[in-house]
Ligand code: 3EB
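The form predicted alone is given below as one chain in C-alpha cells.
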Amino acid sequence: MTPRANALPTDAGELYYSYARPADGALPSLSRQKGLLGIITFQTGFVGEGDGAKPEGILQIPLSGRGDDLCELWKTTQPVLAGTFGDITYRCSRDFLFGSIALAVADLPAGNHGLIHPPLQNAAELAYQQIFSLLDRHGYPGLLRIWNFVPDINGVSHGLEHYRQFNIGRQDAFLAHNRLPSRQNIPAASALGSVDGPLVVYFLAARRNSVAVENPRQISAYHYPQEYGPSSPTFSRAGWVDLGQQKILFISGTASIIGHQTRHGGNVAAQARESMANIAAVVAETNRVAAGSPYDLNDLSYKVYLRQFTDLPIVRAELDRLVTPKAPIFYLQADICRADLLVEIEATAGVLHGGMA
C-alpha cells in the first residue's frame, strides 16, 4: 500500500548520498548497486560497457571537465525500480524518486499556443512540465531538490540572456502546475552553466513535502525585481524535510548576494566568505524553523562551483578556515548564473553516507 504523501511510516526508507572516485571502468558496476537511485558524473568522454552504451542510472553533466574527479551517488535502503516518462529517466522506491532529463535546445518546437519563444525557454518549460507530470502521476508531491545545467548560461540569444530565458520557462511550468511560493511548493535548487549541449536537469522527490527556508540577508529569489529578467528565479534558499529517521537539509546554490545585489565584484575570496555567511544565515534560520534539529556549518557537505578553476587555492583556503577538514567538499568549474559571480556553493546535511572513496 502506498503511504499518504505526508505520512511518516515507521519503516520509512533512508536516503544516502556520497562522493566516489571510481577506478577506470568501475562506473558500470556502481550502477548495479542495490538501492541505487542515480549516479551523477562530471567527467567528460565517459564510455560504457560493451557497445559503448551508457549504463542505466548514470547521468553525465557536460561541464568543462575541470574539478575533482568524483561522482555523486544517491542511494536508498528501499528496493528500487527504474522507469521512463517522456524524456525523463528515473529510479524510484516507495518513498523517493530520483530522475533526470536532457533536452536538446535547438530541436524544440515553438511554445504553447503557437507562440514563438526562445528555444531555451521552451526547453525549460517542457522539462519542468514533464517533471511535475511525472511526480503528480506517481504520487511524489515533494520536489525536494533540483539541479539545473544551462548551456552557455550567461550567453545571449533572441535578445535575452540564457539564464533569463530559462527562468521564464521554469516559472511558467510552476504556475501551470499550481506550484506557488505562497504554498511552500518551491524546492531548493541550483542553476549552473554547462559548456554546450542540452539543458540538463536532475531532481530528487519524495512522498513528503519539504519546508521552504529563506535567508533573512536576502530577498527571496522569486521576489527579485525585474532588472533580473521578466520572470524571477523560482527556488527557495533551502528546504528542510522530516523523514522520521532523517531530518534532511538541502541548501540551494548560494553566492555573494545581499538583498538582491551582487557584492565583492572581482574578489573571489570575499565572494567565498560572503557565500558562506549566507549559508550560515540559512542554517540559523533552519534551526529556528525546524526546532530540535540543530545544524552548523561543520554538519554540511559542500559542492563548490568556480567560474575560474585557477581560483581553487584561494577558495579552498577560505573554506578551510570556516569548516572542519572532515567536511566533504567537492570542487567543480562551471559558469555561475550572474556574470559578476565567481563562486557558488551548495550544501546538504542529514543524508551524507560514506564520505569520499
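Not measured: the values here are computed from a predicted model. Numbering starts at 1 and runs along the sequence shown.
Just so it is clear, the following notes concern the form predicted together with ligand 3EB, a form of the same protein that is not shown.
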Option from 129-137, 161-169, 74-82, 89-97 whose residues, in the model of the complex, bring a heavy atom within 4.5 Å of ligand 3EB:
161-169
Taking a heavy atom within 4.5 Å as contact, would all three of A205, R208 and G239 count as contacting ligand 3EB in the model of the complex?
no
D335 versus ligand 3EB, in the model of the complex: is there a non-hydrogen atom within 4.5 Å?
no
Q271: heavy atom within 4.5 Å of ligand 3EB in the model of the complex?
no
Look up in the model of the complex whether S190 has a non-hydrogen atom within 4.5 angstroms of ligand 3EB, and give yes or no.
yes
I257, heavy atom within 4.5 angstroms of ligand 3EB in the model of the complex
yes
In this chain shown alone, the residue from G142, P119, P151, G253 with a heavy atom within 4.5 Å of ligand 3EB in the model of the complex is G253
Scan 227-246 and write down, in order along the chain, each residue with a heavy atom lying within 4.5 Å of ligand 3EB in the model of the complex.
P233, F235, R237
